[in-house]
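Coming up is one lone chain in structure tokens, specifically the form predicted alone.
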């Protein structure tokens, strides 16, 4: 017998035995008029269990946070300029949330124990208190306003950079579709050419919808691995061909939705190369990553791309080694001669066509042979 089947049958038999034992005990208690819970005070037991649950819950929550924190991307060093103030904002918000959670949950469990039902004790009717209402309305309102103001300040510093950053930024397009990312660079002129959904043609591999009448598209480079120069501002142009996606580079604290029909943007500056972080972490297999954080279908998990941050010299060398998409298009399609009508095959004498064969029949034969 298979070992797994034997284990499963053993478990089933143990459950049946336990059920039978419980049933027999209940019958014995019923016959002998025994109430095993007669002297139990359910209210006191529940109150005590709630206090035990609170203590164990706080201990487990603290232990798990300390244990697993190093594996969370959001608590490791950010690899972008805006990531530093963003992480500071995150931790300020976390301190407030943790304090509120501890205080409210402690009071919840403590009050359940302190005000448990007792003989002769009557609940006090306390319907309203203006001062208390004012305190628990104003304090959260002020705290939330400060947190939101902190977020708005950081948001505007990211999405509205100064003119110097805009002028020196590297334009990179992140094009999402089920279920992959396609990355486009401006090439030698560092300008992204015009694309539109009406130009998409899978037959000619023009899956991004290049308008090849726009000269700026002729040196655009299309790749599937993201390369970025360190300490150079990056202007992300984010698009979606089909459904809602989300361009996320967690190590750089970047997350922006890719919305079909509505291009979005994000600005950031990488501050640490892939090689430097590998050396610092002691992990030669480490890679930055682009992922989709918006569930977009059955293969959503597969929308991942490696992000390589390198020196300016390495990036320029990599960029120069890439072939422009338009060049590959011309080599494969535009320079390809249109197939000509095949030459007629001379038939054997005994199977020669009659002399009065119609021209239309000849055209039909030529059409079929061309296909």
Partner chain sequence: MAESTSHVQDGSSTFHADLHAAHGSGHDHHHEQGFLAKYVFSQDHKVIAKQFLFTGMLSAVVGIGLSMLFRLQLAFPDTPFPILESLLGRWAPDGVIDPSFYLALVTMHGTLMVFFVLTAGLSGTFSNYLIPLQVGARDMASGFLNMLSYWAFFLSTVIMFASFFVESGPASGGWTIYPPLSALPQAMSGSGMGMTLWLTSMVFFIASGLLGGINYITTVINLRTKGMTLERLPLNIWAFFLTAILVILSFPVLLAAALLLFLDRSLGTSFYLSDIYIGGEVLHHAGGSPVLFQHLFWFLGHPEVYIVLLPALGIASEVISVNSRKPIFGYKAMVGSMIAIAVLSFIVWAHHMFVTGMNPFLGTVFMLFTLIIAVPSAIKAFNYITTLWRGNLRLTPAMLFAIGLVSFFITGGITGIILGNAALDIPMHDTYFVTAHFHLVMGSASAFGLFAGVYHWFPKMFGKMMNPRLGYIHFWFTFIGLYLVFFPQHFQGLGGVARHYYQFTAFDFMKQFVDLSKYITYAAWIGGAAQLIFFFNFFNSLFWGKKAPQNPWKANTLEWTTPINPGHGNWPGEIPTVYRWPYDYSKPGLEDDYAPQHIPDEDLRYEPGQAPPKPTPAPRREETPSETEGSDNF
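Positions refer to the first chain, counted from 1. Only a predicted model underlies this, so the values are computations on that prediction, with no experimental measurement involved. Rigid core here is just the name for the largest C-alpha set that superposes within 1.5 Å across the two forms.
There is another form of the same protein, the form predicted together with the partner chain; it is not shown, and what comes next is about it.
* All three of 212, 280 and 327 touching the partner chain in the model of the complex at 4.5 Å, heavy atom to heavy atom? -> Negative, none of the three is within 4.5 Å.
* Among 165-173, 144-152, 217-225, 182-190, which stretch sits within 4.5 Å of the partner chain in the model of the complex, heavy atoms only? -> Answer to the contact question: 144-152.
* Classify residue 194 as contacting or not contacting the partner chain in the model of the complex by the rule of any non-hydrogen atom within 4.5 angstroms, answering yes or no. => No, no contact at 4.5 Å.
* **Close approach of residue 271 to the partner chain in the model of the complex, 4.5 Å, heavy atom** => Heavy-atom contact with the partner chain at 4.5 Å: absent for residue 271.
* **Contact of residue 284 with the partner chain in the model of the complex (heavy atom, 4.5 Å)** => Taking the distances in the model of the complex, the answer for residue 284 is no, it never comes within 4.5 Å of the partner chain.
* 4.5 angstroms heavy atom contact with the partner chain in the model of the complex for residue 239 -> Residue 239 lies outside the contact set for the partner chain.
* To do: Quick one: name the residues from 192-218 with any non-hydrogen atom within 4.5 angstroms of the partner chain in the model of the complex.
  => Result: 196, 197, 198, 200, 202.
* Per-residue C-alpha change between this form and the one not shown, residue 321, threshold 2 Å, rigid core fit -> Where the cores coincide, residue 321 shows only a C-alpha shift between this form and the one not shown that is less than 2 Å.
* Verify the C-alpha shift of residue 65 between this form and the one not shown: is it 2 Å or more after superposing the core? => After core superposition, the C-alpha of residue 65 moves less than 2 Å between this form and the one not shown.
* Asked: Honestly, after the rigid core fit, is residue 225 moving at least 2 Å at Cα between this form and the one not shown?
  -> No; that C-alpha moves by less than 2 Å between this form and the one not shown.
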